[in-house]
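Next up: just one chain, as structure tokens, the form predicted alone.
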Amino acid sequence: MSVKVRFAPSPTGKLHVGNVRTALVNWMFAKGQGGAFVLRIDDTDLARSTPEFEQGIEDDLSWLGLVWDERHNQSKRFDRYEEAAARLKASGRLYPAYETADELDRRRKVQLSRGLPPIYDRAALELTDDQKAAYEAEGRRPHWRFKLDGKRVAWEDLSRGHAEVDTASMSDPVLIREDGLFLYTLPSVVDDIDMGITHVIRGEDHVTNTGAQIEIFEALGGPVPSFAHMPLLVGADGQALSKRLGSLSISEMREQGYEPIAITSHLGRIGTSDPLEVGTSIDALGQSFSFSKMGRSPARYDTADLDRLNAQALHVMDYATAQPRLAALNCDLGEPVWNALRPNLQKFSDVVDLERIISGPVTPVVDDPAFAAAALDVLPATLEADAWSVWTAAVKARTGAKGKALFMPLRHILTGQEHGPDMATLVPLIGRERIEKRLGGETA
């Protein structure tokens, strides 16, 4: 069977790390199996969906490298949902209910006070045609509930192993609201059938929903896909990320300077047995993915890990990849400079400040003018690859300084900073003319 998965975001907000982890795992599983990845925009809520958010979803996925094989909009498929609803109504599986939200809330409270589970009591199934007509005359419009079989629904979950849900312990789910709006469940099942989705991969918070959805698949006569319910994301402190997802949107992370491969490596490997290292490519992540590597505990999302992976991605980035971005920042001094600076990058934009160490201007920090004068006096006439070791040996012989007392004053003078790239690499790149000026206390 050819694998086909889908990612179905709603264009009512920005994609955040929780959304993208779901998209990524779907994409990795499909690509690792030689299958297809479907982007399905869940825009049935026409009032809240916007073209701007829809475009943002596409931009974020494309930037991350999660290219889709098919793309659909649910807003263009209302006729199929109406057909499915009509079939379910005709078979008695979709029935009208007229209770208001307040009435349902009061009923739940009464059930709880009696020690009963707060599930819908199916009172609407007892309504006569006259009672329904009376409600309609009052101006009430029904919401439509799917009548569950009330059985144990079992499946072999790719992530959790054997899973069962007792639909007798659930309320009949509402599939269509009073205003005629289709809720997520029915369009999702209809689309999965029509589009040939073979695997539904999502968070473990959907496990209970799966029991009801399997019954809907069966009621519509469609093949039931395989399911995988992943452990959810938590923060480094073990607390749920749900309240913090707004600050973890992919567009904001892009603006903050994170690399796509760092984000996908992080989200694709946390909570698995794979080492938390940056992948060589998004395709390599897909080829190495397996649900057998995924643990059962919540996956910890730690920004410190992402920062480490981001730096790691930059430290191995070759010049050909970096060159267009360097040119855009007006700091392309060639491959030797890039190779010298990249081990010190945390974000790509750091290269601007680091490049300035070489090309200037740098305001030298001269703590001891006599030391600087002595260093200038023994500066080699030509700065070859071994210039730093030759020069520091000469300065040591002239001043008696050694260790930090030798190296740190020279770093302060030449770079104006406490830390930075390897001085042995920097010295030939800075050049004798700028070094002379900086040793003399000039900004150069």
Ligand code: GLU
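Start at 1 with the first residue shown and count on from there. All values derive from a computational prediction rather than experimental measurement.
One more form of this protein exists, namely the form predicted together with the named molecule; it is left out here, but the text below deals with it.
Here the chain stands by itself, but in the model of the complex one stretch of 183 to 191, 159 to 167, 361 to 369, 300 to 308, 183 to 191, has heavy atoms within 4.5 Å of the named molecule. In the model of the complex, no residue of the candidate spot (R21, R254 and E259) has a heavy atom lying within 4.5 Å of the named molecule. None of R202, R93, R342, H143 but one reaches within 4.5 angstroms of the named molecule in the model of the complex through a heavy atom, and that residue is R202. Just one of R80, R177, H206, R108 comes within 4.5 Å of the named molecule in the model of the complex, counting any heavy atom, and that one is H206. Although the partner is absent here, S10 lies within 4.5 Å of the named molecule in the model of the complex, judged by heavy atoms. Looking at D42, you'd find a heavy atom of it within 4.5 angstroms of the named molecule in the model of the complex. R6 belongs to the set of residues with a heavy atom inside 4.5 Å of the named molecule in the model of the complex.
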